[in-house]
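What follows is a single chain, given as structure tokens, in the form predicted alone.
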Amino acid sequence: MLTIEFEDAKSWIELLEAIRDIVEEAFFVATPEGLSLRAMDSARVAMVDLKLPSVYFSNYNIEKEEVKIGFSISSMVKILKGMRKGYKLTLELGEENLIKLRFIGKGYHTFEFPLLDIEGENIPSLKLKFDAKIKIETKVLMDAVENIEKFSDYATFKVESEKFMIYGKSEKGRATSEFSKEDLIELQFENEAISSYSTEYLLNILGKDNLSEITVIEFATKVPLKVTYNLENEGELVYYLAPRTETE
């Protein structure tokens, strides 16, 4: 029914690791256009939206209009962790209730995982209006949030007067990172914006420099944060994170 080939197996494993930080089980949908995933965490605070068009893969062959693939991401990552370097990967789904992964490199290795019987929920795409859009080096943004996490459970994002700030405070003290327009790859804003987000979730969403050296963030006052990683060959990994109800 479905055969997908990755030139480098580590790209699949790294994507699964990034998704696992939000959801442990996932349901991918394969169509002639490509492979996609949209899922929310159990607390319904964060959502992941992954799109891998057919051109993302070195080979992509599907015999149906739609194929759904559900499996435990955490189990797959745990088992495949040692297979990341020097291998090509073929993912196959046949009539049997199994997903088969074949690694070709230093030897020939095959893993089979059972598919989940229950289908994932149908989550509609989010239509949000943002006041600020920022492109920033992935590591720089992660370092700023890690500093704030030492002082607060929430990081406040703020844009004003062509300046982007991230700060957090508690009885322990306060941490602030401030970036001028020149410090950033890009800064666009229509209105001043301020919104706070959980540092615990931010640390799971940010810092994916193995996927992209640039992170795109979009937000508005009391609106979910959108975090985008543009992948090679037109792939895209997007996270949404609900805001704290109060801003500081």
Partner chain sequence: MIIRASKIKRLYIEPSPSICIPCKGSKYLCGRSYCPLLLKFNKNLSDQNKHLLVIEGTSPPSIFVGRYNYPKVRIGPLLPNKFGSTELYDIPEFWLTLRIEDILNFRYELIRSYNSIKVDEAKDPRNWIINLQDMLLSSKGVDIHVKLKKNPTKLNLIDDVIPPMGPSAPFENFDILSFHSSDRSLEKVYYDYDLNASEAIIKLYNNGMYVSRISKVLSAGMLGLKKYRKFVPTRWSITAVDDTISKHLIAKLKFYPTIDKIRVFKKNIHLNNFIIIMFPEKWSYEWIEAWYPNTTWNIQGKDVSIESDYESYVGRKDYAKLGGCYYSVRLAVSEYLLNEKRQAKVLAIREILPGFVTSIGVWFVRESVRNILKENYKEFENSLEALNYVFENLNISKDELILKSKILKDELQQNKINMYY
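Note that the structure is a prediction, hence the values are computed from the model and not measured. Residue numbers count along the first chain shown, from 1.
What comes next is about the form predicted in complex with the partner chain, which does not appear here.
Enquirer: Just give me the single entry in Val67, Val55, Val45, Ile185 that has a non-hydrogen atom within 4.5 angstroms of the partner chain in the model of the complex.
Expert: Looking at the other structure, the residue within range turns out to be Val45.
Enquirer: Would you kindly say which of Met165, Val140, Ile79, Leu126 lies with a heavy atom within 4.5 Å of the partner chain in the model of the complex?
Expert: Checking each option against the partner chain in the model of the complex, the one that comes within 4.5 Å is Leu126.
Enquirer: Are Ala9, Gly207 and Asp209 jointly within 4.5 Å of the partner chain in the model of the complex, each by at least one heavy atom?
Expert: Checked in the model of the complex: no contact with the partner chain for any of the three.
Enquirer: Does any heavy atom of Met40 come within 4.5 Å of a heavy atom of the partner chain in the model of the complex?
Expert: It does: once the partner chain is placed as it appears in the model of the complex, Met40 has a heavy atom within 4.5 Å of it.
Enquirer: Applying a 4.5 Å heavy atom distance criterion, does Glu190 contact the partner chain in the model of the complex?
Expert: No, Glu190 sits far enough from the partner chain in the model of the complex that none of its heavy atoms falls within 4.5 Å.
Enquirer: So in the model of the complex, is the partner chain close enough to Leu2 to count as touching (4.5 Å, heavy atoms)?
Expert: Contact with the partner chain, no.
Enquirer: With heavy atoms only and a cut-off of 4.5 Å, decide whether Pro224 touches the partner chain in the model of the complex.
Expert: Heavy-atom contact with the partner chain at 4.5 Å: present for Pro224.
Enquirer: Look at the stretches 56-64, 196-204, 209-217, 29-37 and give the one with heavy atoms within 4.5 Å of the partner chain in the model of the complex.
Expert: Among the candidates, contact is made by 196-204.
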